[in-house]
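This document starts with one chain, in the form predicted on its own, laid out as C-alpha cells.
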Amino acid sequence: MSHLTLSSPAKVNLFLRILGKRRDGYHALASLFHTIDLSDTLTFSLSKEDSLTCSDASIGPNLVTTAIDLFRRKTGLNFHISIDLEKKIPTQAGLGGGSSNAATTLKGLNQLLGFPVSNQELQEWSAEIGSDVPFFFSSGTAYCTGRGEIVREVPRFEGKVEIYKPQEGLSTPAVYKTLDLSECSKTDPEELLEGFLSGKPTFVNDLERPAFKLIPSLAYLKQKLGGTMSGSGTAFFYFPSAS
C-alpha cells in the first residue's frame, strides 16, 4: 500500500471537571469525551521526501509533524511521507482538531507501513504529543482522567450534536492561566459520568468561567444558545432534539 485516506474526527467534552494542579504543571481533570460527525481528512502517500500540505494556509507546522517524528523515533523505521490535510475542524475551538490529526497520523503511518505496532502501543506513545491525543484511539466515547491521557471507554452517548463556533478563538494556555480552581464545580465527576450512563446528563465545563473572563461575549452566547462550551475553545455544542 502506498496511498491512504483517513477521516480525523472532532470531539466535544460532554462534561469537563478540573480537579486541581499536578506537580508536573499539568491540571488533573476528569472528562467525558465524545467524537462527532465533523472531521478533517488526511491523505497519506509514501514519497521520496517529507511534505505536508494543508487546505488552511494559516496553519503551519503542527501536531502532524510531531506525530511523524514520534513514529520514526519509536519504531526506528526509515521512510518519507507526503500528507495532505483538508481542514474542516476550526482551530482554537475546543474540538480537538490538532490532537485528532496527530492520532490519525499515527494510525495512518502504522497502516501504510504494514502495522508494525499495535493500536495500544500507538495510544500509549501518543500521550507524549498531547493530553487529548490518546482519546482518539478509542471507539468514540470515553471517560478520560489524569491529565486526559487515561482513557476508559464507555457506551456511546446518543443524540445529534449541533456546533456553533464564533469568530473568536481561545488558546488552551490562556484559558488555564485564567482558571481559578476555587470557582470550579464541586460535583463529583463519577456522579456526572453515572448521570450520562443512566440517561440523565448534566453538562458541566469548568473552563467556561475563565473563557468568559477572556471573552465576555461568550457568556451571552451561552445564554442565547443554551449550550455548553467544549474544552478550552470557543465552540458551543447543544442537542436540538433535547431542547
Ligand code: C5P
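Residue positions are given as counts along the sequence shown, with the first one as 1. As the structure is a computational prediction, the values presented were derived from the model and not from experiment.
The same protein also has a form predicted in complex with the named molecule, omitted here; what follows describes it.
Heavy atoms of Y176 reach within 4.5 Å of the named molecule in the model of the complex, making it an interface residue. Proximity of R72 to the named molecule in the model of the complex: non-hydrogen atoms within 4.5 Å are absent; the residue sits far from the partner. Although the partner is absent here, H27 is a contact residue: one of its heavy atoms lies within 4.5 angstroms of the named molecule in the model of the complex. Interface residue remark: S82 is not counted as part of the site for the named molecule in the model of the complex, having no heavy atom within 4.5 Å.
Shown without its partner, this chain lists S131, Q92, N110, T141 as candidates; in the model of the complex, only S131 has a non-hydrogen atom within 4.5 angstroms of the named molecule. In summary, the region of this chain contacting the named molecule in the model of the complex, judged by heavy atoms within 4.5 Å and restricted to 43-51, 27-35, 192-200, 211-219, corresponds to 27-35. In the model of the complex, the named molecule lies beyond 4.5 angstroms of every heavy atom of every residue of 71-102.
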